[in-house]
Each structure stands twice: as structure tokens, then as C-alpha cells.
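This document starts with one chain, in the form predicted alone, laid out as C-alpha cells.
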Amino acid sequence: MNTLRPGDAILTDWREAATRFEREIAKAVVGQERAIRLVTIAIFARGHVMLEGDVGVGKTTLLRAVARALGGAYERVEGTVDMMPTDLIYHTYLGEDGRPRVEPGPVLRQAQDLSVFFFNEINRARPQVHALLLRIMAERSVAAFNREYHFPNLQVFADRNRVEREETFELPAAARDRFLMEIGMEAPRNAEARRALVFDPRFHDTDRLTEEVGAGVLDHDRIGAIASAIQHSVRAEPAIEAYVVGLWEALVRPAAAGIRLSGLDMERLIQGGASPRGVAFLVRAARVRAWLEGRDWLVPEDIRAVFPEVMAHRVFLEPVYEMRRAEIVPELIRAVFDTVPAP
């Protein structure tokens, strides 16, 4: 499998299947072409995804459509302030005979068949829950009931409530770094898409809308092998390697790269982040993007197309600037692109 090239029949067939996958999701989610493409990239890069956006922009609808088109078992939990880590693993109740019962929770209910695990409003859950989720994401396994459960096809999708601040717990840096991407979603700006979402009754029934999405467009059991083939088949020339390293250096040491942003102390702006693992994730996602475009080599646009979603949440600013992150980080990334010459 590792000797496959993007032009080979198997990878060509899978690229066509990925295109069908995107078309099916677009039936339920209009005006979100970029988000759909990024989620597709994440699936074939075998990475977890955080969705961000205001209430009611379609995050849950997107993930329900993804789960249906991807196939495999799907589980969803709602983050709450009183959630405990054990709530993911098992739940207890009294049976009709009055005796206590223990049953598998959402993580274990469908065991190794679990494909999509959706954690809604993850920042409402406590850090103890985040810690358990971190292990599941990193190792795709968990120990419970005196045995080890493995989830070979698991991808975690989460969204975060960014409007309310009370009774919320921000994810630690280590947990955020486990997400391949943080994808922002906004209401579509296209006038026709806005009109359809408001006036077309089809978009008012999420259950029926999701049922219109073709089920099991992708064979989720084989995605891991195909993902590995993609990574081995898309090459990076030395000039692209140098370009990626240059972007990385400029992002973590903007002052040394000659970047100046108005009103900011560039020497003190960056506290840390953008680890080698994060840059490896960047290249991984860029290779999938190149494959989806029908190429077996990377070009600068492949890197730039996924850079904000892969790298922005891995940059940690000094606390004095953190409250302005949503303004500063996009501006910094634009400056990095303008500063580092593309080959």
C-alpha cells in the first residue's frame, strides 16, 4: 500500500469517493465549503477536530452529516459542569428489581466500531474529563473493566462554547495540541445561502436534513490504510521543506524574522508553542490537500491552505495579549506569509 501514488487506481478511486463525501455533506450544510474541505482533510490525515463558531451556524449539523457519510458507529455527549470522567466510560442505574446496574458509557458502548465521537460544548466539562479525553485521543484506547479497549478508527470532533464564560473550563495547551485542526465556522455570507437557511423549510428540520445525506460513502475501516498511503505517496521537495521550516521559525520568533505589528512588543509576543509535532501535523494535512487536488507533490498553496487551522491554536501568546488572540494571531499569520518567500 505504501508504494501507491495518487495516480494509481486505488487512490484515484478514494479521491473520487472523497469528492462524493463532500457533496453529500453539502446537501445538509450550505455555504460552508471551506469547513467541509478541512474536515475531509482531517479525516484522511487521521486527526481530531475542534469546531468553533457562534450558536446556530451549523456545527452540529455538519458533524451529524459527517458521521452519517463516514459510516461506522457514532456517539455524542454534551459537556456539563457536573460531568465526571466516569460518565464517558460507564453509567449506573437501578434495575426494575431494585438492584444496581452498570452499563458501558458512550465511549465503550460500541467499542472498536466507534468511528465518530462528538463532544458538544467541551469547555463546559471539567479538566478531569479533558484529561481522560486526552488519553483517548492520543492513544485511541482506554482501560476499563479490567481490560483495554481499542478504537482504531476513532476521530474526536468537539465544539466549544465561546460566547458564555460562566461555568466553562478552557482546555489546557496539551489537550488543544491533540486536535489536528481548530476550524472556525460562521454564518455563510452568500446571499442565496442565507436566504435558503432562513426561508427554506428543508433546513429547519435537522433530523430529516441529515437523513438526506448518503450513508457510508467512505469505508471507514480502510481509511487508516489509505491515509498512510497518501502520506507516503505525496513528496516534499527540498524547497518546500525549507519553506515550511521558514514559516515555523517566523511564527515562533517573529521579531527575529523582521515582523512588526502595530502596538505589539514582538520580542515578548510569543510565549511558546508550535511544536515539532504541530508542524508535522501541518505537513500531514498539506499532503492530504495535495492528494485531493490530484497531485503527488506539495506546493506552497497546500501549506498555506491549512496553516491557520493547524497552527493558530498551537501558538501561545504572552498573557497580556491573550485576550486579543482572535485579532492578533490571524494578523501574525498574514505577516508570516508576507515575510517568508515562497519557492
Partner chain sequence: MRALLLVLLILVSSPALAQVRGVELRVPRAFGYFLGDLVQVQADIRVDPGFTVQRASLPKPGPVTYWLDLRTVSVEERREGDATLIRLRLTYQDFYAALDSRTLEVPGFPVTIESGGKGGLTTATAQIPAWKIGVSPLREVQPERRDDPAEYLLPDGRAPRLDPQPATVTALGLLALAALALVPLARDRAWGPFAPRRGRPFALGLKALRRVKRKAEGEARTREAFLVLHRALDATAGRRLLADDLALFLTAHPAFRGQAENLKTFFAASRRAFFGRETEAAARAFPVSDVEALLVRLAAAERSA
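Positions refer to the first chain, counted from 1. Here the structure is a predicted model, which is why all the values come from computation and not from measurement.
Just so it is clear, the following notes concern the form predicted together with its partner chain, a form of the same protein that is not shown.
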Inset, instruction - Give a yes or no for residue 299: in the predicted bound form, does one of its heavy atoms lie within 4.5 Å of a heavy atom belonging to its partner chain? - result: yes
Inset, instruction - Mark residue 237 yes when one of its heavy atoms lies within 4.5 Å of a heavy atom of its partner chain in the predicted bound form, and no otherwise. - result: yes
Legend entry - 4.5 Å heavy atom contact, residue 68 to its partner chain in the predicted bound form: no
Inset, instruction - Would you check, heavy atoms only and a 4.5 Å threshold, whether residue 295 touches its partner chain in the predicted bound form? - result: yes
Legend entry - Sole residue of 37, 313, 48, 304 within 4.5 Å of its partner chain in the predicted bound form, by heavy atom: 304
Inset, instruction - Would you mind picking out the stretch of 112 to 120, 185 to 193, 265 to 273, 239 to 247 that comes within 4.5 angstroms of its partner chain in the predicted bound form, counting non-hydrogen atoms? - result: 239 to 247
Inset, instruction - May I ask you to list the residues of 322 to 341 that have any heavy atom within 4.5 angstroms of its partner chain in the predicted bound form, in sequence order? - result: 337, 338, 339, 340, 341
